[in-house]
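Next comes just one chain, in structure tokens: the form predicted on its own.
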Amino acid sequence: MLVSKSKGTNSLLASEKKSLYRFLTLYVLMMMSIIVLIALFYYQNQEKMMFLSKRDMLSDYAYEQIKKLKILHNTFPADNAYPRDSRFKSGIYDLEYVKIFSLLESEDIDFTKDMYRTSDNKIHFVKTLFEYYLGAKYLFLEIPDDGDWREETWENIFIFGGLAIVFFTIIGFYIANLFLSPMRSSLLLLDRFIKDTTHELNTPLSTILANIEMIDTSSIGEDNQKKINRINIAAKTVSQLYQDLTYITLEQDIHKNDEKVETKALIENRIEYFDSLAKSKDITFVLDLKKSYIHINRHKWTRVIDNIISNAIKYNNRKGVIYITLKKNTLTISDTGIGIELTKIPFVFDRYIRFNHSEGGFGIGLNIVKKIIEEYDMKIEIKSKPNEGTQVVIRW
């Protein structure tokens, strides 16, 4: 039982880690989104700070250039040389936004802003003239954007953003563990209960089944035969649950003893086993079985088939039908039962998940099926519609 305890604990740890990783992924994505928004705001703020630091200087340049334009306006056409300055480039435009003269290197001209950065990393300062010197209404000054502020900004974003992500991830890990602690305790309690229940079921269940098999029903009355049949059905229902509990707590730890299993004969054997359960709901089996072999542990393959057939009976309608088709490397089991909603199908293999509480069980049967299917690299597909039935297809 020590091996079983270790396996159960590992299963819980795996489930806990899966939930933890999901929470952390969502949490980190949310934190990163917030950090990106903060980084964007910071970048824009730094750009505004850069503009403010350049504005006074460019305003002085514009004042000097306007004086030169005024002098040229008064001396034109005797003097027609446009005033140049080594500190900046400039250009003048009229009221209709038509270029009069320009030394600007960038053609990214925007009359709606008084200061902006062009697409080719130039800074433009726009000054509106109140006197139309040389017919000009707008004066553009251009200086290069050295990019020092941008490099420093990105460096700060990466350093502090990275530290923030690490810090919030650590906080998130702590919070996740804090919130997962009750779930961990509940799962451990449930697993402990299942193991204790399994241990206690073994002897009385074996006794009941053995004694039912030894009863000579021909020597008793019809009423008593019905009672014994009901006891047999109930015992086999409990036996099916016991087999699942045993697999979870012990048998999945047993090393593989794979063999070549003739699936057709195995299915016929299991249908005979479930015959009394099916008859209790007037359920009919329709079979189309071809010989098909699979290399697998016989007991695990039995668990797969038993759980699917058991569910097909359990969630079928009274006087329903179960169709079982076996072809080469493909097993299909369909029922005419209550079906499953499309949004719930992805979760049917989760342990302890039950969508119909009117039927018994712990919600572990399909979880066992999924684990065995994955262990042997098989494929399983479930198709279902509410009130129309469910189809399970296994391929290997």
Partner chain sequence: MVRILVFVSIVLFSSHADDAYERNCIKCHEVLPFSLREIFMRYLAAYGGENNVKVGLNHYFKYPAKDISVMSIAFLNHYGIDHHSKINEKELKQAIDIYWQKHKVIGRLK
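Here, rigid core means the biggest group of C-alpha atoms that superpose within 1.5 Å across both forms. Positions refer to the first chain, counted from 1. Just so we're clear, the structure is a prediction, and the values are computed from it rather than from any experiment.
The following text describes the form predicted together with its partner chain, which does not appear among the structures shown.
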| property | result |
| --- | --- |
| Listed residue that, although its partner chain is not shown, lies within 4.5 Å of it in the predicted bound form (heavy atoms), from Lys279, Lys113, Arg87, Lys99 | Lys99 |
| Heavy atom within 4.5 Å of its partner chain in the predicted bound form - the one residue of Ala265, Leu190, Ile171, Leu95 that qualifies | Leu95 |
| Heavy atom contact within 4.5 Å of its partner chain in the predicted bound form, the stretch among 231-239, 132-140, 292-300, 268-276 | 132-140 |
| Its partner chain contact at Phe160 in the predicted bound form, heavy atom, 4.5 Å | no |
| 4.5 Å heavy atom contact, Ala81 and its partner chain in the predicted bound form | yes |
| Distance check, Phe76 to its partner chain in the predicted bound form, heavy atom within 4.5 Å | yes |
| Residue contact check: Leu72 to its partner chain in the predicted bound form, 4.5 Å heavy atom | yes |
| C-alpha of His73 off by 2 Å or more between the shown form and the other one on rigid core | yes |
| Post core alignment: Gly320 C-alpha displaced by 2 Å or more between the shown form and the other one | no |
| Core-superposed comparison between the shown form and the other one, Asp216 Cα displacement 2 Å or beyond | no |
